[in-house]
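Starting off, we have a lone chain in the form predicted alone, written out as structure tokens.
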């Protein structure tokens, strides 16, 4: 099928994986088209030239001004949960601290309590609904964490629910085990004993059931220490699990562990100092910034500008969760952060596409070129700059997943 003509296509090709980008480096194909076959891109280029080169292709004619981009990749979400934490948010905007909210029965443990009592069907339905909303906003690949179970049955239930959800949404769901979100309040042992239990009792079952090949851990004063996390990540790696890390959200130290253990990504980074920025820039660990958490918590953004200037690979993810980042609007968050951190359009679109892909070990998406999955989104405008200019209010009018048009879900 030949799809087009598009007023502009941003293929996101020919740009480096790391470091700062200027908009002059952003390739733009005018009056372009895309040839799709068996869910993958066969060719991208001038529409009239493609018509001549592929005369027998079925046509999907675009009859209005549109700008085409790769589908976004959200490499950090917590969209499998039940309940909400609006009470937490009301307390937060009234001036209560994170610890005060936790002591009042809020925080992560509140979501754990609600998610533990939810059945797998409910969790799967919740996840499908959120994934489909994300998909209709141009997000075609979504990482989804467990971590609101924190015991054997509930963690397995969450990951089974994520797998079940993946069968009922066109979006690609990438599951991650976040059993190391915090030490459960109802666990009497030490943090090391808890993590040892995860390694010995939980991870082998997840591997045997093929529920995930990824782990995550929250390194923070209110969660797990760098030393305990290092041992955990090494033990998980020995079982064949790739890793990502909740790092430097309130205090520094987590990203150093992420780099030292070869984690795919270090996520959050709001508290990263020049030391951590240098470590990330000199590594292959993706620096994932989460503006939704900054907006939800009313705190500073991660230093995305400094990270890029030093040469890091920076991805932007939503952190969609019931507590600190309930909004879940990836484009809005990225657009607002770009104004605060002075990120170019090229840097933002790269952070949402091909620079997010390696955080999930995905080499088949994030760019529009031959051989890539035909995961695409088109915006009703004739100028790509409008997409960030309207700060998330301009939404895609057409989405393709594996070359198939996604209709209202």
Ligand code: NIG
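Small disclaimer: the values here were computed from a predicted structure and weren't measured. Numbering follows the first chain given and starts at 1.
A second form of this protein, the form predicted in complex with N-(iminomethyl)-L-glutamic acid, is not displayed here; the remarks below concern that form.
K.L.:
If the cut-off is 4.5 angstroms on heavy atoms, which of these, 214, 157, 85, 163, is the one near N-(iminomethyl)-L-glutamic acid in the model of the complex?
P.N.:
Checked against the cut-off, the match is 85.
K.L.:
Name the residue from 265, 115, 321, 141 that puts a heavy atom within 4.5 Å of N-(iminomethyl)-L-glutamic acid in the model of the complex.
P.N.:
Selected residue: 321.
K.L.:
Name the stretch: of 123 to 131, 77 to 85, 333 to 341, 198 to 206, exactly one has residues whose heavy atoms fall within 4.5 Å of N-(iminomethyl)-L-glutamic acid in the model of the complex.
P.N.:
Stretch with heavy atoms near the partner: 77 to 85.
K.L.:
Report yes if any heavy atom of residue 249 sits within 4.5 Å of a heavy atom of N-(iminomethyl)-L-glutamic acid in the model of the complex; otherwise report no.
P.N.:
Heavy-atom contact with N-(iminomethyl)-L-glutamic acid at 4.5 Å: present for residue 249.
K.L.:
Do residue 224 and N-(iminomethyl)-L-glutamic acid share at least one heavy atom pair within 4.5 Å in the model of the complex?
P.N.:
Residue 224 lies outside the contact set for N-(iminomethyl)-L-glutamic acid.
K.L.:
Does at least one non-hydrogen atom of residue 218 fall within 4.5 angstroms of N-(iminomethyl)-L-glutamic acid in the model of the complex?
P.N.:
Although N-(iminomethyl)-L-glutamic acid is absent here, residue 218 would touch it in the model of the complex, with heavy atoms inside 4.5 Å.
K.L.:
At 4.5 Å between heavy atoms, is residue 148 in contact with N-(iminomethyl)-L-glutamic acid in the model of the complex?
P.N.:
Output for residue 148 is yes: heavy atoms within 4.5 Å of N-(iminomethyl)-L-glutamic acid.
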